[in-house]
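Next comes just one chain, in C-alpha cells: the form predicted on its own.
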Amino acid sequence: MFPSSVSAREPLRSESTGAFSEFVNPQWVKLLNLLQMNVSYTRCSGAELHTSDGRCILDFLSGYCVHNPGHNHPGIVAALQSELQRSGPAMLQSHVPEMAGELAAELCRRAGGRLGKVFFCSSGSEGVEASIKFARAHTRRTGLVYCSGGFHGLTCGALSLMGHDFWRKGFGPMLQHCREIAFNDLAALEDCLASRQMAGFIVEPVQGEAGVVIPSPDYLEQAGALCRKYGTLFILDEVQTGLGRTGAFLAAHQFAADPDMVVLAKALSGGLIPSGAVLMTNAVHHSVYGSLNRALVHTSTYSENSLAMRAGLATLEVLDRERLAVRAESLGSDLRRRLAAALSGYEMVREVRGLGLMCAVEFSSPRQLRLRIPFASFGKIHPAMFGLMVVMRMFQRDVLTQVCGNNFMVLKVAPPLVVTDEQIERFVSALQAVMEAVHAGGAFWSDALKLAQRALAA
C-alpha cells in the first residue's frame, strides 16, 4: 500500500509550481515537492484532510494549534455565514463594535485573575508587538526578558525576543535591552529582574517550538511573584497553548499563574479568520489609553472586524458546548500513554511528553553503529534531515505532522481537539511503523541520504 522508497514515488502536482511559485514563494513549493507533501486539498473537516486524488489525511498538526475545534466546524461556519448575510457594519472604524465588547467580556471571564481589558489584533506576532509597547508604557522601562528556545513570532519586535539565529539572520539589528535566560530557571530570572530595568518578562507556559517543553509545577507561579517583586510585567504568550489546547482554557490555569498580560491568537477564531487578542489588567490598559487624546494611540485596522469577532464568539461557544478543554486533557493523557507503550522498545525515541493535546515525541541519536553512521552523515548536511524524513514517512501513511521549529529532533503531535479514539490509534500505529522502519535500517536511511542529496542540489 505504501511506497518502499522515496525514488518509487510519482512526482506530485507539477501544476502547483505555477502562479504561487512565480508570484509568492517558489522555495516553499520546492520544499513541499522535495518532501512529497505537495497535494491538493479539496475538503477539510474535523481532523480529516481530503485530497483530489482520494486520500484522507489525518491532521495531527492543526495548523500549529490553529484548528482546536477542528477544520471548518459547522457551528463557526454557520455563524460567519449569518454575519455576512446580515450585511452589518464590518469595518466602519468610526463606531462602537458591540461584538468586540461581547467577545472581550467572554475572554476576560474565562481567563479570570486580574485580566480585565482586551486589545484585539490580527495575529500572535501583532499581539506580542502590542505587549512590548504596553509593557514599556506601563513601567516606563525599556528592558525585556525572554527564554531560550521560545518562539514569539517573526516581526522585528518578536524576533528580538527569540535567540535562535535561524530566524534572526539577515533581519538585524534587533531591539536593544533584550535579555535571554534559560527556561524554567527562577534564579536566572531573579538575577535579571533585580536590575529593575525590565519592562516585561514574556514566556510561553509550554514552549511549543522548543520541543513542547513543560515547566516545573511552580515555575510560572513563582515567576509571576518575582515579576511583581521587581516591578516587571508578567506576560504569557498563549498563542499555541490557549483556547483549550492544554486541557484548560489557558495553560496558565494549569500552573496557578497570575499574568499581567496574555497573548492569544491562532485558535481564537476557529482557524477561519485572522484574529488575535491581548488580555491585560486594567492598570496596564490605563497606562496606554488613560486619556481622551490617547483613545487611538494603538490600533489595528482589522482588529475588531465583525467576522473575526463573530468567529471568536462562536469558537468559545463550541469550546464550551463540546467541552473541548476537558476532552483535550483526557485524550492527551491517553495519546501519550499509547505512544509510550508503542514506542518503548525503540532506542531513538527518547521521550513522549505533553500537556493536554499539545504533545511531542523526542528522538535521540542512535547508539547502534549501523544506524549511527548514516544518521551522522546526513545530520551534517542539515540538522533537520532526520525529523523531516520522519514527517515525510508519516505523510506517506496519510498523517500530517511536523518537527518543532527550534528543535528538529522533536515531532510535534497536536491534533484538533475533536480527534477521535480511532484517529489516535491510526496515528500511533503509523508512527510505530515509521520507527520500525527507522530501526530496521536499509531503505529509510538510504532514502534519507537521497533526500539530503536532492536538497543540496535544489
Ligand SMILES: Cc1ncc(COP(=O)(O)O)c(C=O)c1O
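The shown structure was predicted, so the numbers you read here are calculated from the model rather than taken from an experiment. Note that residue numbering follows the sequence shown and begins at 1.
One more form of this protein should be noted, the form predicted in complex with the named molecule, which is absent from this view; the next part is about it.
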{"item": "Candidate stretches 168 to 176, 138 to 146, 85 to 93, 234 to 242 - the one whose heavy atoms come within 4.5 Å of the named molecule in the model of the complex", "value": "234 to 242"}
{"item": "The unique member of R310, R110, H73, K266 whose heavy atoms fall within 4.5 Å of the named molecule in the model of the complex", "value": "K266"}
{"item": "In the model of the complex, the residue from P97, P366, G387, G153 that sits within 4.5 Å of the named molecule by heavy atoms", "value": "G153"}
{"item": "The named molecule contact at P259 in the model of the complex, heavy atom, 4.5 Å", "value": "no"}
{"item": "Heavy atom of E204 within 4.5 Å of the named molecule in the model of the complex", "value": "yes"}
{"item": "Touches the named molecule in the model of the complex: G200 (any heavy atom, 4.5 Å)", "value": "no"}
{"item": "S125: touches the named molecule in the model of the complex, heavy atom cutoff 4.5 angstroms", "value": "yes"}
